[in-house]
Ligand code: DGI
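Just one chain is shown here, as structure tokens, and it is the form predicted alone.
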Amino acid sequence: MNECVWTEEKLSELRERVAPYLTGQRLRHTLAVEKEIAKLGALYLPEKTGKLRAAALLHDITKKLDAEKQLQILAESGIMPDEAARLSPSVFHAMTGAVTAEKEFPEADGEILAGIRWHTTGRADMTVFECLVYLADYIEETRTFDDCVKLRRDFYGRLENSSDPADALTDTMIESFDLTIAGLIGDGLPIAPETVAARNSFLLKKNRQASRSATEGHA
């Protein structure tokens, strides 16, 4: 399959095709994620901004399904969530969304599918593409949860005060996992191992960057 070129026309068509999968409120959120990711893409991956917008439009296509239907989709795909995952059904839609997008939106390539798959829990060694889908979902402008407001404010504050957007992204990803993990602990819910692995991965990345900078400074 040739890679889809995500023109404005193609994105408009996708927007129309995605709408029936979403409730009215979820559609407003999805369009806000598309808007947010366009800004992030222009800064971090300008050559992939169209593809990022496509991932944003597809990221929640199974969100409105109940847990039973989500588990059915996973079972039919040979995916069996473990006991801990079953106690956190809010993460199912990232898995089922990737499965559904692959089946029903064949123009969605592996990079888009990965963006959908990891937009909720994160994972170790996330690509920049995956980070931007995850972050846009977290900080889009209609989000009013305290953690979302804080992360949005902190991220754009870091961009203003940092000479390196990559450092701002790393620090924001770490903060996002800190907020998520604290919230899950407060709610008495299990923490997805992928989220812990994601946090550790970014912390190690930051530590390596700091060590290199210190070495270069002494050279």
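Start at 1 and count along the sequence shown; that's the residue number. Being a predicted model, the structure only gives us computed values, none of them experimental.
Unshown form predicted in complex with 2'-deoxyguanosine-5'-diphosphate (DGI); subsequent notes refer to it.
Student: Want to guess which of 186-194, 43-51, 164-172, 151-159 is within 4.5 Å of 2'-deoxyguanosine-5'-diphosphate (DGI) in the predicted bound form, heavy atoms only?
Tutor: Result of the contact check: 186-194.
Student: Answer with yes or no whether residue 117 is in contact with 2'-deoxyguanosine-5'-diphosphate (DGI) in the predicted bound form, where contact means some heavy atom within 4.5 Å.
Tutor: Although 2'-deoxyguanosine-5'-diphosphate (DGI) is absent here, residue 117 would stay clear of it in the predicted bound form, with no heavy atoms inside 4.5 Å.
Student: Would you check, heavy atoms only and a 4.5 Å threshold, whether residue 26 touches 2'-deoxyguanosine-5'-diphosphate (DGI) in the predicted bound form?
Tutor: Output for residue 26 is yes: heavy atoms within 4.5 Å of 2'-deoxyguanosine-5'-diphosphate (DGI).
Student: Should residue 70 be counted as a contact of 2'-deoxyguanosine-5'-diphosphate (DGI) in the predicted bound form, where contact means heavy atoms within 4.5 Å?
Tutor: So residue 70 does not count as contacting 2'-deoxyguanosine-5'-diphosphate (DGI).
Student: Taking 2'-deoxyguanosine-5'-diphosphate (DGI) as it sits in the predicted bound form, is residue 100 in contact with it (heavy atom to heavy atom, 4.5 Å or less)?
Tutor: Outside the cut-off, so no.
Student: Within 4.5 Å, heavy atoms only, which of 77, 127, 142, 90 is in contact with 2'-deoxyguanosine-5'-diphosphate (DGI) in the predicted bound form?
Tutor: So the residue touching 2'-deoxyguanosine-5'-diphosphate (DGI) in the predicted bound form, by this definition, is 90.
Student: So which residues in 160-181, when you check 2'-deoxyguanosine-5'-diphosphate (DGI) in the predicted bound form, have a heavy atom no farther than 4.5 Å from it?
Tutor: Heavy-atom contacts to 2'-deoxyguanosine-5'-diphosphate (DGI) in the predicted bound form: only 180.
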